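The chain that follows stands alone, in the form predicted on its own, written as structure tokens.
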Amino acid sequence: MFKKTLLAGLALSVAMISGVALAQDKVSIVYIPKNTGNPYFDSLVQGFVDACAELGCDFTTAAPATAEATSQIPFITAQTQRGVDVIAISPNSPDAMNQVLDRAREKGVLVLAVNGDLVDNYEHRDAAILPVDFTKTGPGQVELLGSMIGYEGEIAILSATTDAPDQNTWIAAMENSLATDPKYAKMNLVAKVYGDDEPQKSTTEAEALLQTYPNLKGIISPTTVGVAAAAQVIQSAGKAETVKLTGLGTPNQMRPFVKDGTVQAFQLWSPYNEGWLAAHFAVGLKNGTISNEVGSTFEVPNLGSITIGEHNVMNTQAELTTFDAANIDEFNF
């Protein structure tokens, strides 16, 4: 009897100690989007929230008011000092945060680039979670707009900030496609402008494009703030028949413009899945069930098998999703 009681007591003690250990080992994640007020990031944040509800991790989010190159630095510093386990960040610059990210990693913080990468500065983060292979994004946008304007005429690009690493990667690929593919020989890129991912500035830049280039046939805006602002400008100006617009936007944001014919089609992916994948990867890496090695694979609920690619990059889907009048009501984000 005494032996059974002693064993039961030991078992209870071990369970209590294990419970404390589990509580102490609970992974804390903070996500730093580019800026506040951008509805695109709401869905991404929800992916983190739902994943942590299942995984038992602690999640918070904090963001600067503007998407300037250095605006995220104080947030990285504050979270490092707070002692979080994981900093996930959608970077506003490919290199402005290198030193502060290095300091975070020196203190044992796992640094993940999410939705955009530190292009050519990969050594300053541990891994990146991207929606798709970004080398496909720029050419895909050029092809989509080209199909709308008969592959001929003046076009412009309305982007986010001049430092945005993801947008700059896509724009470089757009320019390469326009310059090297004979299919686009009659498409002439006349302007690249930047709305800084601010609705009013994006609106002003879109209005200026219509005024400055009266023969403009199309606009590509590879940013959710910019494409919505440009759609509003084209709608208000009654230019939907003469100026075609595409870009990267969310279905809920762009639905009215698709329904009334202002926009024929645009593209994106699931931001939600990026948060979902990032949380699963971070917790698995911290718990030792995932290895952050190029070529290794792991399973994620609802996403299936994920492979870690070159520069420790993971993608949530193979191709961009194209939204138009035929399918836009199938999506809600």
Partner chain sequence: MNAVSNLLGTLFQRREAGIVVMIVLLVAAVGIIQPRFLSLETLRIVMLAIPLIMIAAMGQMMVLVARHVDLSIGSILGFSAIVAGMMFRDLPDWPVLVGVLVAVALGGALGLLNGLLVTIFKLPSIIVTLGTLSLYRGFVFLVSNSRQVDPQFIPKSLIQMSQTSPFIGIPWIVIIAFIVALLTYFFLDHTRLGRQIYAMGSNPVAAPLRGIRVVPVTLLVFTISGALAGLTGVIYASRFGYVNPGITGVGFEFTVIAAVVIGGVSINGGVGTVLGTVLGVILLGTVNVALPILGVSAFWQDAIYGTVIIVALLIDRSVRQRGIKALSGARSNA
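Note that the structure is a prediction, hence the values are computed from the model and not measured. Positions refer to the first chain, counted from 1.
Beyond what is shown, the protein has a form predicted in complex with the partner chain; the following relates to that form.
Highlighted residues Gly140, Ser147 and Glu274: none comes within 4.5 Å of the partner chain in the predicted complex, counting any heavy atom. A heavy atom within 4.5 Å of the partner chain in the predicted complex is found for exactly one of Ser296, Thr36, Asn302, Asn287: Thr36.
In terms of contact with the partner chain in the predicted complex, the residue from Gln253, Thr169, Thr242, Ser177 that brings a heavy atom within 4.5 Å is Gln253.
Contact with the partner chain in the predicted complex, judged as any non-hydrogen atom within 4.5 angstroms, is confined among 39-47, 274-282, 288-296, 303-311 to 39-47. In the predicted complex, the partner chain sits beyond 4.5 Å of every heavy atom of Ala53. The partner chain in the predicted complex is not approached by Asp126, whose heavy atoms all lie more than 4.5 angstroms from it. The partner chain in the predicted complex comes within 4.5 Å of no heavy atom belonging to Asp85. The partner chain in the predicted complex comes within 4.5 Å of no heavy atom belonging to Gly108.
Scanning 142-165 for heavy atoms within 4.5 Å of the partner chain in the predicted complex gives just one residue, Thr162.
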